[in-house]
Structure formats: structure tokens, C-alpha cells
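Form predicted alone, single chain, as C-alpha cells, below.
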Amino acid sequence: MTPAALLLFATLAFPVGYTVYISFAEINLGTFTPDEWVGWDNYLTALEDDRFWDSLSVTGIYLVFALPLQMFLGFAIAFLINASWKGRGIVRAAFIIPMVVAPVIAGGIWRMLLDPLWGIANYVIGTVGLGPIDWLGDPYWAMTTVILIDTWRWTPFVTLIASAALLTLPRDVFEAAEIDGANWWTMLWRITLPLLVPMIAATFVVRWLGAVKMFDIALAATHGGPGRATTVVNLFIYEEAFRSLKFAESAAMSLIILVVTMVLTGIFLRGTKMLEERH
């Protein structure tokens, strides 16, 4: 275990430790090194920045809508592609495509599809008498667009996990219920979903850890705009660090987000464990 532990320390502990160190210091932009110890000043500056809190609220809106949507669609699609019907193998393979497309490429493609003048999305809704919609220029639709793109990209991930979970369910339970005259809705509500509750909770935690780091889609699709309507907290920290050169303040913001994420993840994991013990 020693080589693996040393590798983990080198790739994880050192960057985190250095981030902690510079968050308590003032960065010399001439040498890009910590220059003066300032204590908690960087953290106070971060917490007093209204833009930081705005980016947190944007991230919260994204998480509240995107995560439940991806979980619902992922498990619903898993039920469909695990049923016996012709061509389901092709559909299963096709669902992997969004996961392997690079986020920057995905964001660029969606920008073209949703272009207000030449995009195919407005052309399609125009055929039924709707639109045109300024998908990327209107604050409401820009956030909706980011959620839709992220859902398109990550719903297959939830679907794959859900499909694997469905294949592990005991078949004898369903056969006994079918003999007793239970219909598909009863088996879904009374058997399948209760058996899947621990897996649903675990999948939510895994997807939460990925969603809270969302950065690339917002950068590629909307660049955080219009205004700051889609500036999630990780994009804001990136802009503060590499555009405004506020590395120390950005490090403090990153650690604040890290602590909040760890606390919430701990709560979710505790809830997952409780669900597993109940089932």
C-alpha cells in the first residue's frame, strides 16, 4: 500500500496543502509566490463579496433542478431499456455517447444548435408556431440551457448505474408477485423502488459530487452570461484567479466550497447508510 499512498499524497495532499497555505497569505504577482501572512483576511474578503454569494445561489439553482431531473430521467430510461424490446442494445450503446464527448465540444455544439438566428432548435419550434427563443441571451433561458446540456451529458451516467442495479434485483421476488396476481405498477411501487432505494441514494451522492464541480459546460456554452446569470461558483473562482489574478482570495473561496461540500456529502452518506440499514 505504501507506493499507492505516496502517489495519492503527491497528487492530492500537496496541492490541497498548498492551497490552504496560500489562502492565508498575500500573493506576490511578480514571483507568484506567497509573500506575507495575512491570517483570515482572504476568507473575510471572500465572505464579504456579494458576487461570491450570487455565484453560490446560481449553483444552488442549478443543483436543485439538474440533480432531480437527471435522477428521474436516468432511472426512468433504465426501466425502458431493460425491458424486452427489439433494438434496445443499440439504444443502450447510443446512450454512452454524451458521456464521452468532451465538455468543451459539447458546449460548442449546443451553442450552434441553440443559436437564436441560425440554430436548428429555433427552426424546429418555429415549425409549430413558437419562438424564436434567445436561449443563451436571456437570463432565464440561459440557466435552463445549462441545465438541459448538463442533463443531456450526465443522464446516461445515471442510466448505466440504474441499469446495473436493475439487473441485480432478485428475480424470484418478482416471479412470486406475478404468481400472486400483482400488476406491473404494483411490482414497481411495492417491490422495485423499495429495493432500489439504497442504490438511488448512492447514485445521488455520486452525481452530487460531480455536479457540485460543474464548470466546463457553463464556460463553453454561456461563458457565465448573460451578465452573471450562469456564473456557477467554480466558474467565478476560476475568473477571479486567472483573470483578476486574485489567487489568494480564490484559494480561500475554494476551501470554503470544499468544506461545505464535505459537510453536505457527509450528511448524504449518513442518510444513504440509514436507508441501507432500513432495507
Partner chain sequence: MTDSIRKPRSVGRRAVLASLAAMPAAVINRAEAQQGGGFGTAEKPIQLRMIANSAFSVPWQNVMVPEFNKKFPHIKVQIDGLPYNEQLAKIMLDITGDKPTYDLYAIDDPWVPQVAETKQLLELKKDAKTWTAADYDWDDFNPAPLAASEWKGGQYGVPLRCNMLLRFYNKTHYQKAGLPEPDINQTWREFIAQAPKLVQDVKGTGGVNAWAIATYFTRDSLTPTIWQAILNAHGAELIDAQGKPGFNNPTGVKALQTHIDLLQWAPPGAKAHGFTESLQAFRQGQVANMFQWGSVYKGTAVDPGATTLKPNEVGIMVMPVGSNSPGIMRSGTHRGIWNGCVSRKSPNQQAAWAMLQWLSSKEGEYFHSSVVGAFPARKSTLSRPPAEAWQAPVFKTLQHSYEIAAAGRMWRPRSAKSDQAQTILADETARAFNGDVKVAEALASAASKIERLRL
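These figures come from a predicted structure and were not determined experimentally. Positions refer to the first chain, counted from 1.
Just so it is clear, the following notes concern the form predicted in complex with its partner chain, a form of the same protein that is not shown.
- Although the partner is absent here, W37 lies well away from its partner chain in the model of the complex, with no heavy atom inside 4.5 Å.
- Looking at L117, you'd find a heavy atom of it within 4.5 angstroms of its partner chain in the model of the complex.
- Looking at G137, you'd find a heavy atom of it within 4.5 angstroms of its partner chain in the model of the complex.
- Of the heavy atoms in D41, none are within 4.5 Å of its partner chain in the model of the complex.
- Looking at 67-75, 123-131, 107-115, 143-151, the stretch with residues near its partner chain in the model of the complex, meaning non-hydrogen atoms within 4.5 angstroms, turns out to be 107-115.
- The partner is not shown here, but in the model of the complex the stretch 29-46 reaches within 4.5 angstroms of its partner chain through a heavy atom at L29, G30, T31, F32.
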